[in-house]
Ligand SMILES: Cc1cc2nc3c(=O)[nH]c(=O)nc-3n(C[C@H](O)[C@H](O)[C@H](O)COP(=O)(O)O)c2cc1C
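In structure tokens, one chain follows: the form predicted alone.
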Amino acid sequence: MIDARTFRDTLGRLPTGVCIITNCNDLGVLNGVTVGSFSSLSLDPPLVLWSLDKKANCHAAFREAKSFAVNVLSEDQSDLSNIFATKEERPWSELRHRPAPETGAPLFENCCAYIECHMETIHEGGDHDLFIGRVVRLQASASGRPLIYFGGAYRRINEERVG
């Protein structure tokens, strides 16, 4: 049997980017959650993948969503990440965001990249669901460095290249 804490600590040795996944339902209700489980899945067609704990407050909203947006956070957005990493109510009226052109999902200012997706499929994966989206629009910043999570803490990228 693998101990959950050991499993989490071991996987924490893999650095991940930090994203906030957002959506806006047909009634205009906004949802968002911080994830470190985002990755590309396919180039043709362009698909992305992320996972969400089934116990998350926003789980049902994302299961019902027709689309979503991925906000790839910049290194100075750890406070924003923390807001969406809790079970607390989201202070949408206090946050600077705009609706995504294709999906209407909230896009936060000054992110490294934005990826808009239509929901392709959802798969069960243990205590999480895996959300697969078909990319319909994207935009990357010409500058800016991403927020990284490693070893249980936010980190910054060192500009030194190796290899």
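One rule holds for the numbers: they count along the sequence shown, beginning at 1. Note that the coordinates shown come from a computational prediction; the quantities given were computed from them, not determined experimentally.
Here the subject shifts to the form predicted together with this ligand, a form of this protein not shown in this document.
**Q** So which of 48-56, 132-140, 64-72, 113-121 is the stretch with heavy atoms within 4.5 Å of this ligand in the model of the complex?
**A** Comparing against this ligand in the model of the complex, the contact stretch is 48-56.
**Q** Counting heavy atoms only and using a 4.5 Å cut-off, do S39, F108 and R145 all touch this ligand in the model of the complex?
**A** Checking in the model of the complex: none of S39, F108 and R145 is within 4.5 Å of this ligand.
**Q** Quick one: does T103 come within 4.5 Å of this ligand in the model of the complex, counting heavy atoms only?
**A** Output for T103 is no: heavy atoms all beyond 4.5 Å of this ligand.
**Q** Using the arrangement in the model of the complex, list in sequence order the residues of 139-163 with any heavy atom within 4.5 angstroms of this ligand.
**A** Result: Y149, Y154.
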